[in-house]
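Only one chain is given next, in C-alpha coordinates, and it is the form predicted alone.
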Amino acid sequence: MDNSGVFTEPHAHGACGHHVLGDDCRFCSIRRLSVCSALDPDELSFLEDMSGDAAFEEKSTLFRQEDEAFSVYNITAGVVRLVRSLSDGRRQITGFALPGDFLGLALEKSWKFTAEAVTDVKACRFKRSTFDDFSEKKPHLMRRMHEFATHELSLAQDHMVLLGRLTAEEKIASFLVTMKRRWTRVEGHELGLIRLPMGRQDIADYLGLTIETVSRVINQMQRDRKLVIVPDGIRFVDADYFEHRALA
(Lines give C-alpha, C1' and ligand atoms only; values in the text may rest on other atoms or scores of the structure.)
Protein backbone atom coordinates (compact mmCIF):
# COMPACT_ATOMS: atom_id res chain seq x y z
CA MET A 1 0.00 0.00 0.00
CA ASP A 2 1.41 3.39 -0.92
CA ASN A 3 1.15 6.61 1.10
CA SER A 4 -2.13 7.60 -0.60
CA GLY A 5 -3.85 4.60 0.88
CA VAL A 6 -3.87 2.64 -2.37
CA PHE A 7 -3.35 -1.09 -2.11
CA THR A 8 -1.12 -1.60 -5.13
CA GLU A 9 -1.59 -4.66 -7.32
CA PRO A 10 1.44 -6.86 -8.09
CA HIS A 11 2.62 -7.06 -11.67
CA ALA A 12 5.50 -9.53 -11.64
CA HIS A 13 3.40 -12.66 -11.11
CA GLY A 14 0.67 -11.51 -13.50
CA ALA A 15 -2.15 -11.21 -10.99
CA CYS A 16 -5.52 -11.32 -12.73
CA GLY A 17 -3.79 -12.05 -16.04
CA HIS A 18 -6.05 -14.96 -16.91
CA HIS A 19 -6.63 -14.19 -20.55
CA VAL A 20 -4.24 -12.95 -23.22
CA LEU A 21 -5.77 -10.93 -26.03
CA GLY A 22 -6.29 -13.17 -29.03
CA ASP A 23 -6.36 -16.41 -27.03
CA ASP A 24 -8.71 -19.21 -28.04
CA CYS A 25 -11.73 -19.00 -25.73
CA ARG A 26 -11.40 -22.70 -24.97
CA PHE A 27 -8.18 -22.01 -23.09
CA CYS A 28 -9.38 -18.97 -21.14
CA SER A 29 -9.02 -19.92 -17.48
CA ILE A 30 -11.84 -17.63 -16.34
CA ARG A 31 -14.39 -19.24 -18.67
CA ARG A 32 -15.53 -21.53 -15.84
CA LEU A 33 -16.65 -18.40 -13.97
CA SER A 34 -18.37 -16.55 -16.78
CA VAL A 35 -21.66 -16.77 -18.66
CA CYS A 36 -19.94 -18.51 -21.57
CA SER A 37 -19.31 -21.59 -19.40
CA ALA A 38 -22.81 -22.71 -20.45
CA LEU A 39 -21.75 -23.11 -24.09
CA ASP A 40 -20.47 -26.21 -25.87
CA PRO A 41 -17.30 -26.01 -28.05
CA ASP A 42 -19.17 -25.23 -31.29
CA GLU A 43 -21.24 -22.50 -29.63
CA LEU A 44 -18.13 -21.13 -27.96
CA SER A 45 -16.38 -20.90 -31.33
CA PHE A 46 -19.32 -18.95 -32.72
CA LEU A 47 -19.31 -16.66 -29.68
CA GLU A 48 -15.58 -16.07 -30.13
CA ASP A 49 -16.20 -14.93 -33.71
CA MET A 50 -18.70 -12.40 -32.36
CA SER A 51 -16.36 -10.96 -29.75
CA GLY A 52 -13.66 -8.35 -29.88
CA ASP A 53 -10.76 -8.06 -27.45
CA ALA A 54 -10.71 -4.83 -25.46
CA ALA A 55 -7.89 -3.48 -23.29
CA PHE A 56 -8.14 -0.52 -20.93
CA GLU A 57 -5.27 1.16 -19.13
CA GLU A 58 -5.41 1.81 -15.40
CA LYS A 59 -7.61 4.85 -14.59
CA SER A 60 -9.29 4.80 -18.00
CA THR A 61 -13.06 4.55 -18.53
CA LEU A 62 -14.82 1.60 -20.15
CA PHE A 63 -18.09 3.50 -20.47
CA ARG A 64 -19.95 6.31 -18.73
CA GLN A 65 -23.26 6.57 -16.94
CA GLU A 66 -26.08 7.47 -19.34
CA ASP A 67 -24.05 6.42 -22.41
CA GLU A 68 -26.02 4.24 -24.78
CA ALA A 69 -25.21 0.59 -24.08
CA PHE A 70 -23.95 -0.45 -27.51
CA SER A 71 -21.69 -3.17 -26.07
CA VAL A 72 -21.53 -5.70 -23.25
CA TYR A 73 -18.32 -6.82 -21.55
CA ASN A 74 -16.97 -10.03 -20.05
CA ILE A 75 -14.08 -9.03 -17.78
CA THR A 76 -11.13 -11.39 -18.26
CA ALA A 77 -8.38 -9.59 -16.34
CA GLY A 78 -8.09 -6.74 -13.88
CA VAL A 79 -10.49 -4.88 -11.60
CA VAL A 80 -13.23 -2.44 -12.60
CA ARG A 81 -14.85 0.15 -10.33
CA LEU A 82 -18.61 0.66 -10.86
CA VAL A 83 -19.62 4.23 -10.00
CA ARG A 84 -23.05 5.87 -9.79
CA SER A 85 -23.00 9.67 -9.98
CA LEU A 86 -25.58 11.42 -7.80
CA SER A 87 -27.48 14.57 -8.73
CA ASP A 88 -25.61 16.65 -6.12
CA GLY A 89 -22.23 15.72 -7.58
CA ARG A 90 -21.34 13.02 -5.07
CA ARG A 91 -20.50 9.50 -6.17
CA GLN A 92 -21.49 6.08 -4.87
CA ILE A 93 -19.38 3.07 -5.75
CA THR A 94 -21.87 0.26 -6.27
CA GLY A 95 -19.37 -2.55 -6.77
CA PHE A 96 -16.09 -3.86 -8.13
CA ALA A 97 -16.00 -6.20 -11.13
CA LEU A 98 -13.37 -8.96 -11.13
CA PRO A 99 -12.35 -11.49 -13.79
CA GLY A 100 -15.37 -13.57 -14.80
CA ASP A 101 -17.88 -10.78 -14.17
CA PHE A 102 -20.18 -9.70 -16.97
CA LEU A 103 -21.20 -6.06 -17.49
CA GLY A 104 -24.44 -5.58 -19.39
CA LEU A 105 -26.89 -8.15 -18.02
CA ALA A 106 -29.54 -5.48 -17.44
CA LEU A 107 -31.71 -4.72 -20.44
CA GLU A 108 -31.65 -0.92 -20.16
CA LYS A 109 -30.67 0.95 -23.31
CA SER A 110 -28.22 3.16 -21.41
CA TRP A 111 -25.69 2.48 -18.69
CA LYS A 112 -26.83 3.24 -15.13
CA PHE A 113 -23.25 3.56 -13.88
CA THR A 114 -19.75 4.44 -15.03
CA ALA A 115 -17.13 1.68 -15.28
CA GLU A 116 -13.55 2.72 -14.51
CA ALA A 117 -10.41 0.60 -14.70
CA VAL A 118 -8.80 0.34 -11.24
CA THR A 119 -5.95 -1.64 -12.79
CA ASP A 120 -5.12 -2.48 -16.40
CA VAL A 121 -8.20 -4.35 -17.61
CA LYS A 122 -8.87 -6.83 -20.40
CA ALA A 123 -12.31 -7.87 -21.58
CA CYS A 124 -14.21 -9.65 -24.30
CA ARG A 125 -16.53 -7.07 -25.83
CA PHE A 126 -19.68 -7.94 -27.74
CA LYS A 127 -22.02 -5.76 -29.75
CA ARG A 128 -25.16 -5.63 -27.62
CA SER A 129 -27.65 -6.40 -30.38
CA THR A 130 -25.59 -9.32 -31.72
CA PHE A 131 -25.11 -10.82 -28.25
CA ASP A 132 -28.83 -10.45 -27.47
CA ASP A 133 -29.79 -12.20 -30.72
CA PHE A 134 -27.35 -15.03 -30.00
CA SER A 135 -28.42 -15.52 -26.37
CA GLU A 136 -32.13 -15.56 -27.24
CA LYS A 137 -31.50 -18.69 -29.32
CA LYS A 138 -29.60 -20.43 -26.50
CA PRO A 139 -31.89 -21.26 -23.54
CA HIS A 140 -28.97 -22.71 -21.56
CA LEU A 141 -27.06 -19.44 -21.97
CA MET A 142 -30.16 -17.50 -20.91
CA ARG A 143 -30.40 -19.67 -17.78
CA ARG A 144 -26.75 -18.96 -16.98
CA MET A 145 -27.33 -15.23 -17.44
CA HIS A 146 -30.38 -15.47 -15.20
CA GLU A 147 -28.17 -17.07 -12.52
CA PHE A 148 -25.75 -14.15 -12.85
CA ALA A 149 -28.58 -11.63 -12.63
CA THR A 150 -29.98 -13.34 -9.53
CA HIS A 151 -26.53 -13.29 -7.93
CA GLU A 152 -26.19 -9.57 -8.73
CA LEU A 153 -29.55 -8.92 -7.08
CA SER A 154 -28.41 -10.80 -3.99
CA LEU A 155 -25.21 -8.71 -3.86
CA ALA A 156 -27.25 -5.52 -4.23
CA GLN A 157 -29.49 -6.56 -1.32
CA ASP A 158 -26.44 -7.36 0.82
CA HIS A 159 -25.00 -3.96 -0.08
CA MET A 160 -28.17 -2.24 1.10
CA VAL A 161 -27.90 -3.98 4.48
CA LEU A 162 -24.19 -3.21 4.63
CA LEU A 163 -24.81 0.50 4.02
CA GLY A 164 -27.70 0.87 6.42
CA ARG A 165 -27.38 -1.52 9.34
CA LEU A 166 -23.77 -2.41 10.12
CA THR A 167 -21.16 -0.61 12.19
CA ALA A 168 -18.01 0.68 10.50
CA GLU A 169 -16.06 -2.31 11.83
CA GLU A 170 -18.68 -4.73 10.53
CA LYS A 171 -18.79 -3.00 7.14
CA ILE A 172 -15.03 -3.25 6.67
CA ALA A 173 -14.92 -6.85 7.93
CA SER A 174 -17.73 -7.76 5.50
CA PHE A 175 -15.94 -6.09 2.60
CA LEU A 176 -12.65 -7.88 3.31
CA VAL A 177 -14.29 -11.29 3.75
CA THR A 178 -16.26 -10.81 0.53
CA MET A 179 -13.13 -9.84 -1.40
CA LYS A 180 -11.30 -12.87 -0.01
CA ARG A 181 -14.12 -15.16 -1.17
CA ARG A 182 -14.28 -13.54 -4.59
CA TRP A 183 -10.53 -13.77 -5.21
CA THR A 184 -10.55 -17.37 -4.00
CA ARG A 185 -13.26 -18.11 -6.58
CA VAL A 186 -11.25 -16.37 -9.34
CA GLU A 187 -8.02 -18.18 -8.51
CA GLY A 188 -9.69 -21.53 -7.80
CA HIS A 189 -7.93 -22.06 -4.48
CA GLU A 190 -7.71 -20.55 -1.00
CA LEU A 191 -5.61 -17.40 -0.84
CA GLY A 192 -3.55 -16.00 1.98
CA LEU A 193 -3.26 -12.58 0.31
CA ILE A 194 -6.39 -10.54 -0.30
CA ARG A 195 -5.56 -8.25 -3.22
CA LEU A 196 -6.98 -4.76 -2.84
CA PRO A 197 -5.91 -2.66 -5.82
CA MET A 198 -8.56 -0.05 -5.02
CA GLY A 199 -7.72 2.86 -2.73
CA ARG A 200 -9.15 3.57 0.71
CA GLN A 201 -11.31 6.35 -0.77
CA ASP A 202 -12.86 3.75 -3.07
CA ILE A 203 -13.53 1.46 -0.12
CA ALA A 204 -15.05 4.38 1.80
CA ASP A 205 -17.33 5.32 -1.11
CA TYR A 206 -18.45 1.71 -1.44
CA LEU A 207 -19.18 1.29 2.26
CA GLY A 208 -20.73 4.71 2.85
CA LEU A 209 -17.94 5.77 5.22
CA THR A 210 -15.35 8.52 5.27
CA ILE A 211 -11.78 7.75 4.28
CA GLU A 212 -10.72 8.76 7.81
CA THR A 213 -13.00 6.10 9.30
CA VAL A 214 -11.75 3.42 6.91
CA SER A 215 -8.13 4.26 7.73
CA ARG A 216 -8.79 4.37 11.47
CA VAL A 217 -10.57 0.99 11.54
CA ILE A 218 -8.06 -0.80 9.30
CA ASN A 219 -5.11 0.60 11.23
CA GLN A 220 -6.75 -0.45 14.51
CA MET A 221 -7.30 -3.95 13.12
CA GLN A 222 -3.60 -4.11 12.35
CA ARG A 223 -2.65 -2.84 15.83
CA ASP A 224 -4.95 -5.48 17.33
CA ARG A 225 -3.21 -8.13 15.18
CA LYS A 226 -6.37 -9.04 13.31
CA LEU A 227 -4.74 -8.38 9.94
CA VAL A 228 -1.45 -7.24 8.48
CA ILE A 229 -1.15 -4.68 5.69
CA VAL A 230 1.22 -5.77 2.92
CA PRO A 231 2.24 -4.01 -0.33
CA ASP A 232 -0.37 -5.80 -2.45
CA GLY A 233 -3.30 -5.82 -0.02
CA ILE A 234 -3.86 -7.44 3.35
CA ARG A 235 -3.52 -10.81 5.05
CA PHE A 236 -5.80 -12.06 7.81
CA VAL A 237 -4.08 -12.90 11.06
CA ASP A 238 -7.31 -13.77 12.89
CA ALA A 239 -9.72 -15.13 10.25
CA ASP A 240 -12.34 -16.07 12.86
CA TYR A 241 -12.55 -12.44 13.95
CA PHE A 242 -13.58 -11.41 10.44
CA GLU A 243 -15.99 -14.27 9.83
CA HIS A 244 -17.81 -13.47 13.08
CA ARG A 245 -18.17 -9.77 12.25
CA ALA A 246 -18.92 -10.02 8.54
CA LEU A 247 -22.36 -9.93 6.98
CA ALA A 248 -23.32 -13.58 6.44
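Counting begins at 1, following the sequence as shown. Quantities reported herein were computed from a predicted structural model and do not represent experimental measurements.
Omitted here: the form predicted together with the DNA. The next part is about that form.
Original post:
Looking in the predicted complex, is the DNA within 4.5 angstroms of a heavy atom from every one of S37, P139 and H146?
Top reply: No, the candidate spot makes no contact with the DNA.
**OP:** Consider the chain as shown here, without its partner, and state which of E68, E212, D42, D49 has a heavy atom within 4.5 Å of the DNA in the predicted complex.
**Re:** Of the candidates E68, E212, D42, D49, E212 is the one lying within 4.5 Å of the DNA in the predicted complex.
Original post:
Can you pick the one in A168, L155, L105, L163 that has a heavy atom within 4.5 Å of the DNA in the predicted complex?
Top reply: Comparing distances to the DNA in the predicted complex, the residue within 4.5 Å is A168.
Original post:
Quick one: which of 180-188, 215-223, 27-35, 60-68 gets within 4.5 Å of the DNA in the predicted complex, going by heavy atoms?
Top reply: Among the candidates, contact is made by 215-223.
Original post:
If you check in the predicted complex, is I229 within 4.5 Å of the DNA, heavy atoms only?
Top reply: Yes, contact at 4.5 Å.
**OP:** For the heavy atom contacts within 4.5 Å of the DNA in the predicted complex, list the residues of 179-209 involved, in sequence order.
**Re:** Residues within 4.5 Å: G199, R200, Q201, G208, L209.
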